[in-house]
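We begin with a single chain expressed as structure tokens, specifically the form predicted alone.
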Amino acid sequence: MTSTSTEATAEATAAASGASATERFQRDKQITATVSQERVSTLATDLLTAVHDVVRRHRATYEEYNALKAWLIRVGEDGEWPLFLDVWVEHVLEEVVNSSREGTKGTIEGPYYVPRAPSLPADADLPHREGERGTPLLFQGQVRDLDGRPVPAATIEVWHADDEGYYSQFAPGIPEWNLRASVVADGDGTFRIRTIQPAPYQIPTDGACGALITAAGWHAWRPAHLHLKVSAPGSRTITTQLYFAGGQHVDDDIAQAVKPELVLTPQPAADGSGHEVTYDFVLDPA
């Protein structure tokens, strides 16, 4: 399945990407949980106590305090709260939420997920542009339950950046569903997905998050990765990412989302075109 489009006519920016991520979050996330006053009080009090402790331990100045206020305002103006939270906070939340899982390891979703991607059969090509740049990649595997039984018709949602590190629907000039799909496994839970191997990329650095990175002397890089959500009736959906052994920044991901169990070792493709990887998903019961 191939899509065509003209080259990007506008430069991707942190502000534009952040605004898109914020808009997507507000549109697509269903915030329906009811939280008790007691729980809100507990979490908010502990958070503020941690902030107070930082101020006291490091004897913060008013100049630093005002710089923080200005930066927090800019995060909102740039629409980068989803980016900030997903890069620096989500990995700990994911660790806590999925601590009881016995199957496939999870990791962060990140800010660039889009629901309701086109549905494709078990043997599929991700939607892509004519002449999509990047090394061809065959990603294949099977979905099973904790007892090793195949999970028929499991859904494998997959999305990833292009060879320049940009995501469709979050950067200009890229077709809507480029490198995004929901692949339905066959009766044996198996799938074969042809795409391109994504490249490492920097998170947007021209906005508030970039200002923090520069001020702290950090790097802004994420290793190359595939994003995935795997689901089936009666099973717990797993959200994860898969990385590539030997790739840049696998050992120092800015988002701290890499886990050893999620690192793939690409092999030469059987047809001589690019690489292939095999990864099986194991779903916990709902």
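Residues carry their position along the shown sequence, with the first being 1. As the structure is a prediction and not an experimental result, all values here were calculated from the model.
Just so it is clear, the following notes concern the form predicted in complex with a small molecule, a form of the same protein that is not shown.
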* Asked: Okay, which stretch from 103-111, 130-138, 179-187, 70-78 lines the small molecule in the predicted bound form, with non-hydrogen atoms inside 4.5 Å?
  -> 103-111
* To do: Considering only heavy atoms, tell me if residue 170 and the small molecule come within 4.5 Å of each other in the predicted bound form.
  => no
* Asked: Taking the shortest heavy atom distance, is residue 203 within 4.5 Å of the small molecule in the predicted bound form?
  -> yes
* To do: Decide whether residue 87 counts as a contact residue for the small molecule in the predicted bound form under a heavy atom distance cut-off of 4.5 Å.
  => yes
* **4.5 Å heavy atom contact, residue 83 and the small molecule in the predicted bound form** => yes
